[in-house]
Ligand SMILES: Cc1ncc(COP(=O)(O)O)c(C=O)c1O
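Given next, in structure tokens, is a single chain: the form predicted alone.
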């Protein structure tokens, strides 16, 4: 047999970690958006009606019209990120109670890249990551490539001792490495940790001597209630500054401006930022310089205005969905009532499987959602689902929830 006749067996060449990588159910469901008659409550997609089109176009035009700016913006850039943008983030973090400097900031291609970097930096195969149940699916995807084991963060009182968490990690063949949490309007539940829960989490992490990854892409989008201090702010206050803090904070411009420019950041002690910068250099060298310049200009000139518009816009949609759920859901179905963010978490009666019902929802009601089990590290939560109210119109929300409610009434008998 000649070399040209030997078929390539790709499966024998992949690294072992590829076996644990699976397609995102959300990414797959987003393909439904190509079908115009589908009412999609699936992806947590910002409403493009809020994208500042004129301002973005004007900023690109200004850069492209100035030769010096143009040359710099289309050139390779430093891995840490645009200096002006990092300085703006420093000011933003100060307003949220975190005193830091540009050396504490790394710009990333969205906060998803930050999660992937942190998973690679901390996790070896069989190490344990502490996550909520449920938790953000994208985090599970980013971490799972490193072949970890998952344990569940305590939610309130628990009979487990601190030693039991270490022992369980050791029995799995690794070390307990970090806790990951979305503390504000969490994806997928919409839940926000109150001040007592945040202090309990920080004490738990201190007892275990592990870092906390605070993922905060929705923190600016609060519609009701009082703002709660960031975990990083609380820890910096307790520990005497960011260099002594165990909290690594992730931020993003995707939900405030637009996800398409792919600009997020990590705020952490300089030792951590130094390691992450090396990873950034090895991964993609740097973010797009021109996109960073555009975001820096938008952040400087209209961040507060953009946030206010987003709050007003999404509050109406959240209220419309909560009202529709109240009127159309059958007995036995419950849901969260988030004070902000983009998501509502629905719990069906025991015995109903949201994954099995999804096909009926799409085919019969032309409504899409994300089955809840995708957000559990152990695949549980079969009777839960996530709804996003960010993209559909108010009329579509009413229509879609009415159709979903009718389907669930049939399913519950």
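Model, not experiment: these values are computed from the prediction. Numbering follows the first chain given and starts at 1.
What follows is about the form predicted in complex with the named molecule, which we do not show.
Contact with the named molecule in the predicted complex, defined as a heavy atom within 4.5 Å, holds for exactly one of 336, 292, 187, 128, namely 187. A heavy atom within 4.5 Å of the named molecule in the predicted complex is found for one listed residue only; from 287, 111, 245, 249, this is 111. The closest heavy atom approach of residue 341 to the named molecule in the predicted complex falls outside 4.5 Å. Interface membership of residue 143, defined by any non-hydrogen atom within 4.5 Å of the named molecule in the predicted complex, is ruled out. In the predicted complex, no heavy atom of residue 235 sits within 4.5 Å of the named molecule. Looking at residue 254, you'd find a heavy atom of it within 4.5 angstroms of the named molecule in the predicted complex. Note on the interface: of 160 to 168, 112 to 120, 220 to 228, 313 to 321, the segment with non-hydrogen atoms within 4.5 angstroms of the named molecule in the predicted complex is 112 to 120.
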